[in-house]
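Below you'll find only one chain, the form predicted alone, shown as structure tokens.
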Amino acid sequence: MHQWPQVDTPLPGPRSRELWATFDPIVAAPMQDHDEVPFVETRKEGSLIEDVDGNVFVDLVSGWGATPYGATPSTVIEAVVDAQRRYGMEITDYVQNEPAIELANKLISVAPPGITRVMASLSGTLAVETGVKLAREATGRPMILVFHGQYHGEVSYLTASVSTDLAEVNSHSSAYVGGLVFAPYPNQFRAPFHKGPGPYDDTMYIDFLEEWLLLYQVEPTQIAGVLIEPVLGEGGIHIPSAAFWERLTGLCKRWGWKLILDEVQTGMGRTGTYFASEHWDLEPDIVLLGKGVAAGGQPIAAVLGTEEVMAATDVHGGGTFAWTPAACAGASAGVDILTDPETMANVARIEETALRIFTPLIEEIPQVADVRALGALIGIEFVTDMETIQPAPAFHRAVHRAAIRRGVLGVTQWGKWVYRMQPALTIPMELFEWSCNTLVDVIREVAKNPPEEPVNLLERVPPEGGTRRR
């Protein structure tokens, strides 16, 4: 593998096309979409990806956050392999083992204030389901307050139709599934019922909650908990203010709502602290973990909670594959990397570098509307112009595709207009700075001849060869 990004073939290359010719006829439509990543991977090392045609790309995706220390951190891989050889596959819900006990203790040792308990889970989606069940059980209330633009997994309330051998197994799921109530996520750049760019005071979203939502849609005494991402990830890297958090937590205390922090994407060092909640000294009742907790090992997730919520719960959050010994061993080795002071120091350098290199583009390029970064969670928002701040998904796509041709792979999704980067927390700074400078060159290049944008976002169509609507 080249030790630096290098693209020598058209994308996709000939070997990638050959493989897709055998793959596409036998898989579902979403897996046939190669518009966003036009190559087939053959291996990864650290923060580099090689495709089957010999091209090498810098990885600013990091398994969408699940490989926070690079592709193959040696201590994590060794721990996984050793545990797999020693234990094989085990159902930890039923047969306890040493790696699970070690991981539980390590997670509690780094958890936010007040968090004293941990529950096994397999994925971020399942962790969210468990967190909702816990809040409803603890309060006896049916409703959950959530926010627009958040991503909590892909489920369809199948627990509502569960039938099993004992009624107690699906208690607080099928028997108690209630509703959701939505509010806008705090956004300081653009706001509902306001024209043009901010900055806006994001406490207006709490005003909306108090003066409209709780008055006309749901009584506060019916809300069990608030399910919120400390930093909005999929929705565009939005970072709430301290004033927003002060007022939201005040509502939680006043009305007895459980604060459920979805830290699946923001936790385990991603934002420059062990948990994003630390930036505002939050004291959550429930914390949801996934992605980064796997540390590049095997799939794993966790739910953390207070004594009140978890000490005597009847909620079951595990399953056959939750916390297998090998996954626990890898996650435990990952906590050791997380708590190495150099890891968080590198994340601070990532944030500083991204803001230093990208922020000047706001004044230089009309389509660059905003740059947001907290730790290694970075977003660049594109618009058609700064007067209307109409989203520019076509510009975003053009930047992404041009960047790949230069060897830079970031995070994009069809129809969105915020280019996202979440590099490994341990990425070499020389490589990351090169990536940022390359991306600046790409943005300048696209801005010289910007693509035509859809007149209405609701009527946008997928690009040629693309099928995704997410």
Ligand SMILES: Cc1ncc(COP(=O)(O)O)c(C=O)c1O
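The numbering used is simple: start at 1 and walk along the sequence shown. Owing to the predicted nature of the structure, the values given are computational and were not obtained by experimental measurement.
Beyond the structure shown, there is the form predicted together with the named molecule, which is absent from this document and is the topic of what follows.
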The chain here is shown without the named molecule. Which stretch in 104-112, 71-79, 389-397, 261-269 comes within 4.5 angstroms of it in the predicted complex, by heavy atom distance? 261-269
In this chain shown alone, the residue from 153, 256, 149, 360 with a heavy atom within 4.5 Å of the named molecule in the predicted complex is 153
Listed residue that, although the named molecule is not shown, lies within 4.5 Å of it in the predicted complex (heavy atoms), from 384, 188, 125, 306: 125
How about residue 434: is it within 4.5 Å of the named molecule in the predicted complex, going by heavy atoms? no
Examine residue 234 and determine whether its closest non-hydrogen atom to the named molecule in the predicted complex is within 4.5 angstroms. yes
Residue contact check: residue 133 to the named molecule in the predicted complex, 4.5 Å heavy atom: no
Does the named molecule come within 4.5 Å of any heavy atom of residue 229 in the predicted complex? yes
May I ask you to list the residues of 34-64 that have any heavy atom within 4.5 angstroms of the named molecule in the predicted complex, in sequence order? 64
